[in-house]
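First comes one chain, alone, set out as structure tokens in the form predicted alone.
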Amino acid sequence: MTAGSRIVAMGHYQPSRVVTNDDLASTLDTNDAWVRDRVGIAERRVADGESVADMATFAAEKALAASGLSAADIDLVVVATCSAIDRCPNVATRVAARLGIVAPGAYDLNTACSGFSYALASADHAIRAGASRHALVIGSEKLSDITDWTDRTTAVLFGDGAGAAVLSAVPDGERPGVGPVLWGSAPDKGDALKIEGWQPYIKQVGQVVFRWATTELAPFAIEVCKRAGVEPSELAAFVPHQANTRIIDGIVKRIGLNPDAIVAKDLVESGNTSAASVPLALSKLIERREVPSGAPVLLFGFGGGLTYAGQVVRCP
């Protein structure tokens, strides 16, 4: 048993192919100004020949290298994804095999856009229970595989990428670096965003998702801070799911952030990458050294299901 865990390192990966709004406008009835105004996205990355497992491995490899640990130290791999086409072997075991991690606990988790916070919480719980010491937690998505590129309401939204965290047990006497999770769902609204069938496309009732996100989520974000014993005004950064700038701005206005707090808006250059969006955005903030080590950061994912989850973490 241990008092908790902390994130010791992050890593991320994005494909090299950039698809701009102007690129999409060549085949869709849309334009750059329309997309930027409604969702805030300027471009996204699209994978050519890279799988969910490939991107997860690349991100995890970077996080592991930055952590100072080796593959032999990792005893748990958790991957959050809703776009993995292959069902078995799961993504987690594929990543473990490629990195040379021997005999870890390994499972995939699907709560769509809130997936990374769910996965981080489940790994934290495993560490608290003594079932793990060092875990790899990954969000990886290849949404281009399940995007209808003829549908302008969804084709402008999504991108591909992965983000990963190395999570370790805290030493005796050290405060945990991952706060208590608040997770939940609104299953009665689950049909508002669907990926169904054997050859699926993402289908979304955008107004239902938008209204839910802008009217119901801010109190949950505030409750996450309360559970961690942190006032929203004390946060150094807020890293929400990168769905829509208007949703993000609406939540920010209602939770009482310090004006100097950083609000991640990686969607401008990455689009909506579902379970990868939170770790991808957080990893970039850390890489650019925009958040001091040890500073409190609110992670908050929300989306398909409709599900939500968040926790306050200390920046590695």
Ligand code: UT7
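Numbers follow the displayed sequence, beginning with 1. The structure presented is a predicted model; accordingly, all values stated were derived computationally and were not measured.
What comes next is about the form predicted together with the ligand, which does not appear here.
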**Prompt:** Just to confirm, K142 within 4.5 Å of the ligand in the model of the complex by heavy atoms?
**Reply:** no
**Message:** Even though the partner isn't displayed, in the model of the complex is R246 close enough to the ligand, meaning a heavy atom within 4.5 Å?
**Reply:** yes
**Prompt:** Does the ligand come within 4.5 Å of any heavy atom of N272 in the model of the complex?
**Reply:** yes
**Any non-hydrogen atom of R98 within 4.5 angstroms of the ligand in the model of the complex** = no
**Request:** Kindly indicate whether R128, H134 and S283 are, all three, within 4.5 angstroms of the ligand in the model of the complex, using heavy atoms.
**Result:** no
**Prompt:** Just one of 255-263, 23-31, 60-68, 283-291 has heavy atoms within 4.5 Å of the ligand in the model of the complex; which?
**Reply:** 23-31
**Complete:** From L193, A121, C82, V166: within 4.5 Å of the ligand in the model of the complex by heavy atoms is L193
**Among the candidates P15, P296, G303, G11, the residue which, in the model of the complex, approaches the ligand to within 4.5 Å (heavy atoms)** = G303
**Stretch 205-222: residues contacting the ligand in the model of the complex, 4.5 Å heavy atom cut-off** = G206, Q207, V209, F210
